[in-house]
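One chain is shown next in structure tokens, namely the form predicted alone.
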């Protein structure tokens, strides 16, 4: 079955600079710096990236950061727990917006 997502396209990411090389260079310099060891380790940053990848539902990022997490020493238990953290935050964010719904409903019901 054809889909928009093609795993073989992931390695083509570096080609994003084909028509704007200066901007791509700036992006990749920034991107590389972000994922270097700092206050957070590369391993911790990969777990964060994997969680965010699931939140934004990017299959390319999920593939890339699953691999990165494993390469940096994370295990499936840690990766799964990170996903539960992001699911709880995402679910809570949806629920808290219910206050907005109630506020509008109460305003319109008056």
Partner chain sequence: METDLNIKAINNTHHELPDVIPFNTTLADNRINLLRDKTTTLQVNLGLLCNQECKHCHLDAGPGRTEIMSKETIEHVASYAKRSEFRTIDITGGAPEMNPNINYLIDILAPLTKRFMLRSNLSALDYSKSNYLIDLLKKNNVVIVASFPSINESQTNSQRGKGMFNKSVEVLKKLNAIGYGMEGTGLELNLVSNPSGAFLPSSQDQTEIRFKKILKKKWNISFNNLYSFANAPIGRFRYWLEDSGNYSQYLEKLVSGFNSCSIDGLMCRTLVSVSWEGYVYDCDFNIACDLPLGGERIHISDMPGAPEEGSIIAVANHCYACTSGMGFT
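This structure is a prediction, so every number in the text was calculated from the model and none was measured. Numbering follows the first chain given and starts at 1.
The following text describes the form predicted in complex with the partner chain, which does not appear among the structures shown.
> Please identify, from 81 to 89, 24 to 32, 48 to 56, 62 to 70, the stretch that has a heavy atom within 4.5 Å of the partner chain in the model of the complex.
Single hit among the candidates: 62 to 70.
> With a 4.5 Å heavy atom cut-off, would you call residue 77 a contact of the partner chain in the model of the complex?
Yes, contact at 4.5 Å.
> Give a yes/no on whether residue 37 approaches the partner chain to within 4.5 Å in the model of the complex, heavy atoms considered.
Heavy-atom contact with the partner chain at 4.5 Å: present for residue 37.
> Hey, which residues along 26 to 45 are within 4.5 angstroms of the partner chain in the model of the complex, non-hydrogen atoms only?
Going through 26 to 45 in order - heavy atoms within 4.5 Å of the partner chain in the model of the complex - the hits are 37, 41, 43.
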